[in-house]
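Given as structure tokens, the chain that follows is alone and in the form predicted on its own.
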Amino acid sequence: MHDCYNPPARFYDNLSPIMPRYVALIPAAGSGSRMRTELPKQYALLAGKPLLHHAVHVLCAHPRIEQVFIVLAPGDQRFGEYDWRACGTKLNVLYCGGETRAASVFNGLLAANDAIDGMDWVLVHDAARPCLRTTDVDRLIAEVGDSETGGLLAVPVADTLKRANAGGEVLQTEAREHLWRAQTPQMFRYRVLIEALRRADIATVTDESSAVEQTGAKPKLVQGSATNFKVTYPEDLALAELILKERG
């Protein structure tokens, strides 16, 4: 995707133990066409605030996360219309979003190169998952923190799965054993993720884990929560609002 990656100074430092840090990155440069709204999905209102607000504030409030990078489309003028002061100095805005999610994440990692070391952990989270819980982030960090590669939140598939033909008719029922629904955050070492994205077949990359999997690595699945769903359609906003209200 890009060949201008310069490893940070500590990338090759194996002489002294350096405690890795945790940073978050939120790609938010898309249009969200399936929401059928004039606004880009990340700015659709949820509980009186833009959808993006909820994911950003959970991550900014987490004590283990030192910085939060938001990757916006070049020329995005809506972000500045909202009040982000509660995020303090943790929040960093990068106007370098690409045409795809993978391109936005890769461009964001490049732009943040000077602030992140090779062994630091990057938690990539969807702007459209507003119901992330702090406890889920805690579990992800605890279960993946000793890995050299990384892992992701996910939930086992509970529904019966049907494979259909082009006419919308059932061809067969698929076994659901060992199948999981991927969520975010997806947490990987900076050097692992940026190299995976640089070499990946972008046409097949639907999330960060799929890029890392193409290198032969096996990311770890960490039990997530069903409430950490992705807002995709207008009716999803009502469900997300109910969940947030229940949490107070």
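Keep in mind the model is a prediction, meaning the values are calculated, not measured. A residue's number is simply how far along the shown sequence it sits, counting from 1.
The next section is about a form of this same protein that is not shown, the form predicted in complex with cytidine-5'-monophosphate.
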Problem set entry | All of M119, G151 and R189 within 4.5 Å of cytidine-5'-monophosphate in the predicted complex, heavy atom check | no
Problem set entry | Touches cytidine-5'-monophosphate in the predicted complex: K230 (any heavy atom, 4.5 Å) | yes
For this session: Considering only heavy atoms, tell me if L123 and cytidine-5'-monophosphate come within 4.5 Å of each other in the predicted complex.
Result: no
Exercise. Is V56 close enough to cytidine-5'-monophosphate in the predicted complex to count, meaning some heavy atom within 4.5 Å?
Worked result: no
Exercise. Just to confirm, V205 within 4.5 Å of cytidine-5'-monophosphate in the predicted complex by heavy atoms?
Worked result: no
Exercise. Thinking of cytidine-5'-monophosphate in the predicted complex, which stretch from 210-218, 57-65, 38-46, 197-205 has heavy atoms inside 4.5 Å of it?
Worked result: 38-46
Seminar exercise, completed: With the partner omitted here, the residue among T100, N113, S147, N92 that in the predicted complex has a heavy atom within 4.5 Å of cytidine-5'-monophosphate is T100
Seminar exercise, completed: None of L132, L109, A128, L140 but one has a heavy atom within 4.5 Å of cytidine-5'-monophosphate in the predicted complex; the exception is A128
